[in-house]
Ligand code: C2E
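A lone chain, given as structure tokens: the form predicted on its own.
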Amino acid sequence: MQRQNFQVTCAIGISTWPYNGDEATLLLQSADLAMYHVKHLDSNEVHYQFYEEKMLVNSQRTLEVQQHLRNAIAENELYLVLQPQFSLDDSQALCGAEVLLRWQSKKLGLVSPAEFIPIAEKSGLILTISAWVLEQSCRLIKQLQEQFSNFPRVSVNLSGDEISVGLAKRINTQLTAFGLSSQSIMLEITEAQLVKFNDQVTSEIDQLRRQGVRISLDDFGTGYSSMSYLSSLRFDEIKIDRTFITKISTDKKILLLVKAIVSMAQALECKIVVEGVETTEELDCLTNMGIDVLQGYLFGKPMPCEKLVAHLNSGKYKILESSFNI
């Protein structure tokens, strides 16, 4: 029998009598909520947490969001928006767009993706939602290409659970169904998801690239960097996270780190995208750094497909020539 090493972690929830309940059942429920609060920290260390009343409120909210999210697709509450991406050399030259998911609940109102995406991932709903996002994204791309034959590639985010064996086949099936070329789409994988990769998943990513689908490493610099994955997996694009950009004009260390990331990406022959650019001061710091693509509120907020089309037809935006090579 082959020996294997396992890392055991521990999450401890603590409740106290009589403050968190005067009966054993209530005390156990409070301790259970505190324990799950610890588990959601996603830490490999031993942690404990005393029960706090806000945990019950958060738990009730999570349950409410999860219940309504189950019917969101059937109720036509989910929709997609596009955030344009521009060439650094010309802030009006469109060289791509990123698909972003939104949820307008009939019961809860507009729910932030920062809230409902983690809940979808933990509940298992993310697989159904991701399949819907991929199909609708391909539909959007087809619509855009019918109106603009040279419309550039569109980026679609992959969830951690979606990156599994059979991914390449699922992507190819959708592209074929809508008559799209593999160059029409860019798949974004977050840096945090790299730690979950295994050899089979790596093989799927390699197969996608052989098919011509390009792969972007999203949220780079958020603390999960693994140089071994950067050397073993071939990425076409690296997206520098917004958390760096917010301080780039005021913190020289951050500026130096961004320059180092750009140099590394260039050495790996990856295109560099900076997301979350919101001020002219941030833009000034990024100029002459070797960055290829800019994305952020300074240039264009996420918008419905119809609005993006209107901007292109009016001349507010223009499509960058040879944007498929960006």
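These numbers were taken from a predicted model, which means no experiment stands behind them. One rule holds for the numbers: they count along the sequence shown, beginning at 1.
If you look for the form predicted together with the named molecule, you will not find it shown, but the lines that follow are about it.
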{"property": "Ala168, Ala72, Val201, Ile117 - the one with a heavy atom within 4.5 Å of the named molecule in the model of the complex", "result": "Ile117"}
{"property": "Contact assignment for the named molecule in the model of the complex, among Ser232, Gln92, Ser159, Ser182, heavy atom within 4.5 Å", "result": "Ser159"}
{"property": "In the model of the complex, segment of 93-101, 205-213, 249-257, 144-152 with a heavy atom within 4.5 Å of the named molecule", "result": "93-101"}
{"property": "Non-hydrogen atom contact Gly21 with the named molecule in the model of the complex at 4.5 angstroms", "result": "no"}
{"property": "Non-hydrogen atom contact Glu278 with the named molecule in the model of the complex at 4.5 angstroms", "result": "yes"}
{"property": "4.5 Å heavy atom contact, Gln83 and the named molecule in the model of the complex", "result": "yes"}
{"property": "Proximity of Asn76 to the named molecule in the model of the complex, heavy atoms at 4.5 Å", "result": "no"}
{"property": "In the model of the complex: members of 290-315 within 4.5 Å of the named molecule, any heavy atom", "result": "Gly296, Tyr297, Pro302"}
